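Same protein, same chain, two forms; see structure 1 and structure 2 below, as structure tokens.
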Structure 1
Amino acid sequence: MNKLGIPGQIVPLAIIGVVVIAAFIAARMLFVPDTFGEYGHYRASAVEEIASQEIVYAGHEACNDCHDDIFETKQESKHRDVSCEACHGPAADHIEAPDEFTPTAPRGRGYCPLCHGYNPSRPSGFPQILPKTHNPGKACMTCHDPHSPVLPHAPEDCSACHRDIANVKQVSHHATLSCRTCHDVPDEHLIQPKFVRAEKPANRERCGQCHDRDSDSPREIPRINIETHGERNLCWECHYPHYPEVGK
């Protein structure tokens, strides 16, 4: 207690409190921009600043006016959803003055792999290559028309589009199994995968053909009794089929 009857520790605490509040108010006045909070939790003048930026993209419809042949080819192709300017760069200047500004074309081998280089986070089924081993030394355009990328022939291997799964399987107990052991795949799936579906195993017997104790598969394959082993579930509710493991 001091002379005023206030506990001693209150005074320094009150001083710290006042300093903190003063610092907060000062910081708000100094650092928070004037238009902050006008519309929401952001700087209102940012809207005008962004709107006043020069437009550098023309939008892909604009290309149709003069390059309708390429435009139509692309619309019919697997690149229909890839905008012209995704490859040719911003082209607003070009449509204003086609002879003065010509867009560049990505002719080197480095560009296409930005989308097609193997990356495990891409969805399974997206066409991917390993740029180092996929026909090295030649420009992609020697074999693929960028405006209509038809494959010269159907991929021989499922890994062309399912490399993620193929990579996992390769180091698993199922490494020696062909994908088609478990999947019925029409050949058309390799060309039009979104229209012609591959099938997934439908029942436990698909696995039982090798693993059931009564099956006549090679002896080194581990056996279970298909009648009693995990009988209430599908096998792949407990074992990942592309990398089966046995819980210990």
Structure 2
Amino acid sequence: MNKLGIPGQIVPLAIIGVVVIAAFIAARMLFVPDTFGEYGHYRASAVEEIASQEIVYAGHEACNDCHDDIFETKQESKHRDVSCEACHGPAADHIEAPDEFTPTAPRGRGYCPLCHGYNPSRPSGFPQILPKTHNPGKACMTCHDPHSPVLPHAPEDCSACHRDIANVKQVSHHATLSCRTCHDVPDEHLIQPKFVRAEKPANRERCGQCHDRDSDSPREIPRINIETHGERNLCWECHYPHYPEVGK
């Protein structure tokens, strides 16, 4: 303690505290913009800066005025909610001077896979491809009209829409099984998948065709007593059918 009865460690701590507070105030004065906090937790001047930027996007309504035939086609397709400028780029200059500025038109293979390249986070049923193996060397527009991207023919394989499941299945013991072995797939499902659904097995007998101890399947296939194994539970409540080595 000093003569005033204050513990010795208090003075250094007080000095450090004053230095920290002074540094905070100095940093705020030097680095925090003047308009910060006027309208909330951001710079008020940012509104003016953004408003002063050059307008480069025209909006799809402007495209419709001249390209009404394409607009009508697109409105009837699965791309109806995709903005024209999402694929063709900013079009404000083209709207102002159509003969001087022409929007880009992606004609190679690099653009469409941004949405349709395989990505496990995309929902099952969304058309996905493996760009390296899907018609290699051909431009997407060779087979697909981007304004009305109807498939040129019904998919020959379920992986056209269920790529995530196909990727898992091809490394499992079920890799050689056709999807129709387990699923009832009407032909119309390949044309209108959202309106005509493929059916999943609703009982244990479908799996029992291969895995019941009395089945005629090859010996190396795991066998069980379909009547007692798992009691009344359906098989896929414990086994993932597309990768049955992994139990749930």
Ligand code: HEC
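No experiment lies behind these values; they were computed from the predicted model shown. Residue positions are counted from 1 along structure 1's sequence. We call the rigid core whatever largest set of C-alpha positions still superposes within 1.5 Å between the two forms.
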Of the two forms shown alone, the one predicted alone
2
Superposing on the rigid core, is the CA of residue 156 displaced by 2 Å or more between structure 1 and structure 2?
yes
Using the core for the fit, does the CA position of residue 33 change by 2 Å or more between structure 1 and structure 2?
no
Large Cα shift (2 Å or above) at residue 173 between structure 1 and structure 2, core-fitted
yes
How many Å does the Cα of residue 217 travel between structure 1 and structure 2 when the structures are matched on their rigid core?
8.3
Keeping the rigid core fixed, work out how far the Cα of residue 234 travels between structure 1 and structure 2, to one decimal in Å.
6.3
